[in-house]
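Here you get one chain, nothing else, as structure tokens; it is the form predicted alone.
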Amino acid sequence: MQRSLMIEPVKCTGCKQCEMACSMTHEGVFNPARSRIRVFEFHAEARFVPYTCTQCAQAWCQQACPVEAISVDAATGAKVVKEARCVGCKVCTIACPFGTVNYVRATGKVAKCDLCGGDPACAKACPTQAITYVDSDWTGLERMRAWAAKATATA
């Protein structure tokens, strides 16, 4: 059974605990700017929307990488950046239609959600359960993939 993050923006309060947990887990610091998940803020509506890599089945970031630095974690299905192999060319950042692969200036490499090896820190830290780690069938992942396929077909 593949699992994925389910994000329910209506439950998000904008507390950024997900960002803090992610940055601590991956970077060893509490710094939202170094997180692999972001909370988009719609100030006029007072709404918040967490977003991160959707782990696309047809991962354009992975396909675009000229040095094959992005591979699939067999246990989680996550597309994982092999930092030692990444040359920092940023082609994957351009290929990702959702903007969830980020260039890290400090390392000269890219970073993206790796689902924390199957125990996502963002989901554990979310006090309102706006982010949960569930069976992929419950996330609407297939609808998102269908939308992405439709978008690329018209481009």
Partner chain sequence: MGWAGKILRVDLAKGSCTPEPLNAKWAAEYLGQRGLASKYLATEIDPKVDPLSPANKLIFATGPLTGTAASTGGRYSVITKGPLTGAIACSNSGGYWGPELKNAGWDMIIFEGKAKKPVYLFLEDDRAELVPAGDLWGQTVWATEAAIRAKHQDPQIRVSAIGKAGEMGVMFACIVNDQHRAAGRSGVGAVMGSKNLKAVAVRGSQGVRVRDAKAFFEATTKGKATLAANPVTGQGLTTYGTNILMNVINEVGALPTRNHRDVQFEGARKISAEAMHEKRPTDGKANLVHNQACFGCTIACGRMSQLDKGHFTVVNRPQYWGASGGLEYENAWSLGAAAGIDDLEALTFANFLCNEHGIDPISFGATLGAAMELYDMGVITTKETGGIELKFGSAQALATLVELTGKAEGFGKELGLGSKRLCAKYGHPELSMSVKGQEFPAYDSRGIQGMGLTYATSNRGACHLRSYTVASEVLGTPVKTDPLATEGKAALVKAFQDATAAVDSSGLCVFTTFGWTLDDIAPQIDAALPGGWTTQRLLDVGERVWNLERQFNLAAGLTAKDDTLPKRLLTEPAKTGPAKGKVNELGKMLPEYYELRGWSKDGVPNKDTLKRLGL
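Positions refer to the first chain, counted from 1. Worth saying up front: this structure is predicted, and the values here are computed from it rather than measured.
Separately, the form predicted together with the partner chain exists; it is not shown, and the next lines address it.
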Option from 86-94, 28-36, 112-120, 51-59 whose residues, in the predicted bound form, bring a heavy atom within 4.5 Å of the partner chain | 28-36
Looking in the predicted bound form, any heavy atom of residue 134 within 4.5 Å of the partner chain?
-> no
Touches the partner chain in the predicted bound form: residue 108 (any heavy atom, 4.5 Å) | no
Considering only heavy atoms, tell me if residue 127 and the partner chain come within 4.5 Å of each other in the predicted bound form.
-> yes
Heavy atoms within 4.5 Å of the partner chain in the predicted bound form: does residue 45 have any?
-> yes
